[in-house]
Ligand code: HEC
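One chain follows as structure tokens, the form predicted on its own.
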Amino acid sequence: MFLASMVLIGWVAINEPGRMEAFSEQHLARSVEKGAELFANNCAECHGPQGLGSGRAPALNNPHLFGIDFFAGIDADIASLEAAQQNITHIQAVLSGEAEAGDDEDTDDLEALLVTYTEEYGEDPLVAIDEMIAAKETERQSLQSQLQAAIDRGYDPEDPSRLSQLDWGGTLDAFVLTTLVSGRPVSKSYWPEPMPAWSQTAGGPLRQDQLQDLTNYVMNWGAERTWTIEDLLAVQQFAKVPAEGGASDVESVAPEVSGIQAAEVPDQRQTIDDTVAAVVEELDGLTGDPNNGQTLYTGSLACSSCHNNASIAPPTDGTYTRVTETRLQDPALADYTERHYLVESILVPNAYISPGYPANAMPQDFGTRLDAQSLADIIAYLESQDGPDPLAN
């Protein structure tokens, strides 16, 4: 019995680490499941059902939040090539007598190192490296063009980490958790609504264990994941960078479509009308493709993320009917045509706020993100939404 007991104790001791690891994994899995339910009930309306963001809040299922640098490999290669280039230049200068060797440098060693570089890069290594750097820079430009749709929506490839963007010195899970606990009251200056405090200790509805479950759910989006460009392009809303005073550093931009531009979105009603009228006149000479307009609307521009949920923005269904039968009946829009109203709503969305919906919910920069043909395609798609207006009931 003594020997049997010792064997049993030894077996337990040997297997205890594995058992505890399995227990921890099961506990985390249950926590993530609970977090998913909490997210669906409390967070999805603003951050999107898949965490890809909306006009009310940024994406959390987002490589930028997890600090993914798509240029890291290329930039490391360029830095390595430039270092080799500098080293070769120095060696050649020392061997030719144009520069002195360092205290720890031996001529024979430098000659041997130069031979190594020659074997790796060819008889004229500096020229070869120049060509390789140029190829890498071309590769970088090509990658940046692939990321352009995300860049147009606010992604900065030169600052690919949300934590570094905010000078956050802690961990990502601590960032997520503390944001949930205390909220972001100043975010009301650059989002339609401020981020509330969710912790019961701060007056919110959730216990600490629930906040941890939510944090684990968000962190699970990035767990052991190989992020792709497609993941980045799927993001519908990137975070905004708060500036001094709490406002976003993303300034309002003027409507600009195929060369038509105003210096800024003005307060004067007449200037807005003149700008939009000029755009409408240009669009009248184009034929819009409603199929491409739908692709833009539901895809890269992410319009559907807000307009498919009538609590965030008016629904897509019945858009044209609503414009004709409701919006243009407003005395403030007495001289509008349907197309003028749609163009203004896209380019200067705060010029007229639909009753029951907040200002600033819609991006203010479509004027710089859309060319005339793309805008014509979106207008054609919206004009096809001429069924019954769900809001008329």
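Don't overthink the numbering: it's just position in the shown sequence, from 1. What you are looking at is a predicted structure, and each value in this text was computed from that prediction instead of being measured. Between two forms, the rigid core is defined as the largest C-alpha subset superposing within 1.5 Å.
One more form of this protein should be noted, the form predicted together with heme C (HEC), which is absent from this view; the next part is about it.
The stretch that touches heme C (HEC) in the model of the complex, counting heavy atoms within 4.5 Å, is 172 to 180, out of 172 to 180, 74 to 82, 124 to 132, 99 to 107. By the criterion of a heavy atom within 4.5 Å, residue 136 is excluded from the residues contacting heme C (HEC) in the model of the complex.
In the model of the complex, heme C (HEC) sits beyond 4.5 Å of every heavy atom of residue 32.
Interface residue remark: residue 157 is not counted as part of the site for heme C (HEC) in the model of the complex, having no heavy atom within 4.5 Å.
Proximity of residue 382 to heme C (HEC) in the model of the complex falls within the 4.5 Å heavy atom cutoff. Here is the short version: of 43, 36, 68, 328, the single residue with a heavy atom within 4.5 Å of heme C (HEC) in the model of the complex is 43. Applying a 4.5 Å heavy atom cutoff to heme C (HEC) in the model of the complex picks out 190, 191, 193, 194, 195, 196, 198, 206, 214 from 189 to 214, in order along the sequence.
Superposition on the rigid core between this form and the one not shown places the CA atom of residue 296 2 Å or more away from its counterpart. Once both forms are fitted on their rigid core, the CA atom of residue 318 lies 2 Å or more apart between this form and the one not shown. Relative to the superposed rigid core, residue 52 undergoes a CA displacement smaller than 2 Å between this form and the one not shown.
Relative to this form, residue 232 and residue 376 separate from one another in the model of the complex, with their C-alpha atoms ending up at least 3 Å farther apart. The pair residue 52 and residue 378 is looser in the model of the complex: their Cα-Cα distance rises by no less than 3 Å compared with this form.
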